[in-house]
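The chain below stands alone, shown as structure tokens; this is the form predicted on its own.
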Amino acid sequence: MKTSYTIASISAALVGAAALVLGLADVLVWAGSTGPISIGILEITGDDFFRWAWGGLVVVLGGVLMLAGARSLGDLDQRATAVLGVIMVWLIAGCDIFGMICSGIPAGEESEAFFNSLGGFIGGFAPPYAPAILLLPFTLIVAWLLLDQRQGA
């Protein structure tokens, strides 16, 4: 039986493997087996149980679903499995972005004002970023490739 690999299956497998590794890093940093990780624009601090433990687990499972779905994307069920993995990463990335927005609204403790200035608010979106936010543009591409494939492909 000959297996043909498409750009969608290769990209889903690569992004799925990255999500698996970064999600495991989230959980391991939270568990205390390693210290905080900061590499370039990536930062994993692990100080919040719900974000780093549960969020890392959701990213891990999203990566597993993308890897499982990348095997045979000609089948609609496999493609749907990969898309579900992408959506799981989107959920955590959306929560991280929402957290960035909410933390940028109030001014810092050293300021007399309650609301942050526009420059301070926009400055809150500067790097470093959580792993799910870094995976977001790649998962958008994977979702587009998966949903753009024709049924017979």
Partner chain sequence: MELTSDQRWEIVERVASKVVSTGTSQRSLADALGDLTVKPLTGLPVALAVLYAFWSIFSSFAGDLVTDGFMVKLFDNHWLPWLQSAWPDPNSVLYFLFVGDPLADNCFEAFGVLSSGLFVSIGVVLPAVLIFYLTMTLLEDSGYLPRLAVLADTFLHKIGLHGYAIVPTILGLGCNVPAVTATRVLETKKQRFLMMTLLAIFVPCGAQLGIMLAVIPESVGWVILYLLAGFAVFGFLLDRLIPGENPEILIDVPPYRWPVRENVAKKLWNRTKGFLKEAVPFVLFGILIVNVLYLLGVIQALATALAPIFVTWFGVPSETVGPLIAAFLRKDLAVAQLSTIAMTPYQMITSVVLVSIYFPCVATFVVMLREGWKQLLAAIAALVVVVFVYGGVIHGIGILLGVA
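Positions refer to the first chain, counted from 1. Note that the coordinates shown come from a computational prediction; the quantities given were computed from them, not determined experimentally.
The following text describes the form predicted together with its partner chain, which does not appear among the structures shown.
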item: Residue among Gly35, Pro127, Gly108, Gly119 with a heavy atom within 4.5 Å of its partner chain in the predicted bound form; value: Gly108
item: All of Val83, Leu91 and Gly99 within 4.5 Å of its partner chain in the predicted bound form, heavy atom check; value: yes
item: Distance check, Ile39 to its partner chain in the predicted bound form, heavy atom within 4.5 Å; value: no
item: 4.5 angstroms heavy atom contact with its partner chain in the predicted bound form for Ala70; value: no
item: Contact test in the predicted bound form: Cys95 vs its partner chain, heavy atoms, 4.5 Å; value: yes
item: Residue contact check: Leu57 to its partner chain in the predicted bound form, 4.5 Å heavy atom; value: yes
